[in-house]
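Next comes just one chain, in structure tokens: the form predicted on its own.
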């Protein structure tokens, strides 16, 4: 099997800073967290940004600070969100791309998100895909529901994305596809040849989905964006969540991908751009 790429989604958009003292919502704290996650075995960090009060922001200067903070302390692949936060326009969501991270997410369809709606109509998806390409960033296709795979194929036919691609299956969001073995098997069974994939299980599904991906050859996303607990009632840190997955993979006999190995697997340049 390929070496395991561990991605840490360290901040997210939905989590309030007062929900856990471990949320690294400033660039400085994110950089420190990234270094610890790298030591724990991670190869990539998925980045949302907050302002000093902890509110969501798409301000490019804040993402630039975050990028510099991560790169000054580690060689992790840096992946920006273009999901942003519920209610942001496509222009707001793509503004950070001018900072030119290594990768950026492209959510491939609208989905109910708890009591809200995460809107990704075809006009929105097309705009984001064009901006990702314009800035020379490699996309990760985010799949929250089964129909999102078909949407991705439509974008490919229109020349807006290319296969093989890297996909992240975000399973267990209330309103999206449930996090279970049957759904993951269905999604991965329909991928074009050569694609790579990771899974992000939400809440208590994070660990079982990670263990399943380790066993069947996929990759793993963990972190406080998706789950704030290490065990029931005990708050986690990002590096603890990454280290647990790394330890399980090692016990299973699956090697961990370094950032350099992950770059090769994902088709990224051998070295990151200058910060």
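Numbering follows the first chain given and starts at 1. Owing to the predicted nature of the structure, the values given are computational and were not obtained by experimental measurement.
Note that the form predicted together with ligand KMH isn't included here; everything after this is about it.
Partner proximity in the predicted complex, defined as non-hydrogen atoms within 4.5 angstroms of ligand KMH, places exactly one of 186 to 194, 156 to 164, 125 to 133, 104 to 112 at the interface: 104 to 112. Within this chain, residue 169 is remote from the site of ligand KMH in the predicted complex, having no heavy atom within 4.5 Å. In the predicted complex, ligand KMH sits within 4.5 Å of a heavy atom of residue 86. When ligand KMH is considered in the predicted complex, residue 225 lines it closely, a heavy atom lying within 4.5 Å. Taking the partner from the other structure, ligand KMH in the predicted complex has a heavy atom within 4.5 Å of a heavy atom of residue 13. A heavy atom within 4.5 Å of ligand KMH in the predicted complex is found for one listed residue only; from 46, 38, 219, 50, this is 46. Heavy atoms of every residue among 81, 118 and 142 are located within 4.5 Å of ligand KMH in the predicted complex.
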